[in-house]
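Given as structure tokens, the chain that follows is alone and in the form predicted on its own.
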Amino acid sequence: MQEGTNRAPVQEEFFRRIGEDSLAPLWKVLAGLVTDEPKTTIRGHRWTYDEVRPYLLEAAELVTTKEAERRVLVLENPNLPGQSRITRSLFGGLQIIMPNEVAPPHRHVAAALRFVIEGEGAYTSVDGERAWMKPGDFIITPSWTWHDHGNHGSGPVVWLDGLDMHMVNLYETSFREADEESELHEPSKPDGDSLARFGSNVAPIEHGHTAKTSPIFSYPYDKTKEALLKLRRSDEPDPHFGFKVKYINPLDGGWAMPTIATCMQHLPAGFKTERYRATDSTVFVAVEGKGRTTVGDQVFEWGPRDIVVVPSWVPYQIEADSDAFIFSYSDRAAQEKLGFWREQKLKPTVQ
């Protein structure tokens, strides 16, 4: 083609022709596909539990567990309405179960975490073992395990559901199965069996556990809080995290779930973390305490049971007005296995 010739019409005609054969020019979209830095599509947001709770109670009046199967209000990221995503890769929702109700058994490829927000007397049953729920407990439903829920208490019980369903759906590997014959699975193992076998720095010599998920599926809050308070008595707080622990698989020391990273951190009253960012968009749940989280130029005040989501690669810092304990989950576990995960501990802002 001669120099100086207007090639735009010729190029457009070329793009039209190759498009008819399901082809497209990479050079027109490359900058948007391979970006210099992460370009998040979500935004920071806070869900105030005291504002959400009345909706949960209303949902319990309007819809039975039999009708809903799982009575959950989805925590939708404001930038992704209608997609059932709290982050691009993770689901978040608040599930409520009332006294004497049962959420029937089913299983699915997506793995789930349950983080108990309110109430006692409910349980989740995983492959024949019941875990009784208390606020602050972290409970795992591993991939493709039968599970059901019930409430033997006198009041509502609410927990946060976090699932990796969007990772599963990305690979188009979702399967689900319901037990049409029974409303619940009777326990086949004693309560606390998995914790007794694997939760004391020992394991049966021939335990036979081959799943990638931790053999412990219930991590009680009182034990996690005790560990954090012991750290506080002996260590100085990390400037970016305060006192922070990860929930681990005791067999290999890795994350408790193969796709979802889960942590608990403690910030003493008056402590303010240094600015930090990482590639895993993260969901934070305040268990105790009050404070604020600054996400980019957004500031979210929070108290007990409030939920804050922080997008990928957006700087944030957390300040505690009173002693705070904060649970978090993200897709860091999956990112690390794929070699994607990065973090940046930012220097203090010069005033």
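Note that residue numbering begins at 1 and tracks the sequence as displayed. Please read these numbers as outputs of a predicted model, since none were measured by experiment.
Omitted from view is the form predicted in complex with a small molecule, to which the following refers.
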Please run the contact check for residue 147 against the small molecule in the model of the complex: heavy atoms, 4.5 angstroms, yes or no?
-> yes
Could you confirm whether residue 114 comes within 4.5 Å of the small molecule in the model of the complex, counting heavy atoms only?
-> yes
Indicate whether residue 101 is a 4.5 Å heavy atom neighbour of the small molecule in the model of the complex.
-> no
Find out whether any non-hydrogen atom of residue 70 is located within 4.5 angstroms of the small molecule in the model of the complex, and reply yes or no.
-> yes
Select from the listed residues 106, 272, 189, 230 the one whose heavy atoms reach within 4.5 Å of the small molecule in the model of the complex.
-> 106
Would you kindly say which of 91, 255, 217, 123 lies with a heavy atom within 4.5 Å of the small molecule in the model of the complex?
-> 91
One stretch from 81-89, 247-255, 147-155, 125-133 that, in the model of the complex, holds residues within 4.5 Å of the small molecule by heavy atom = 147-155
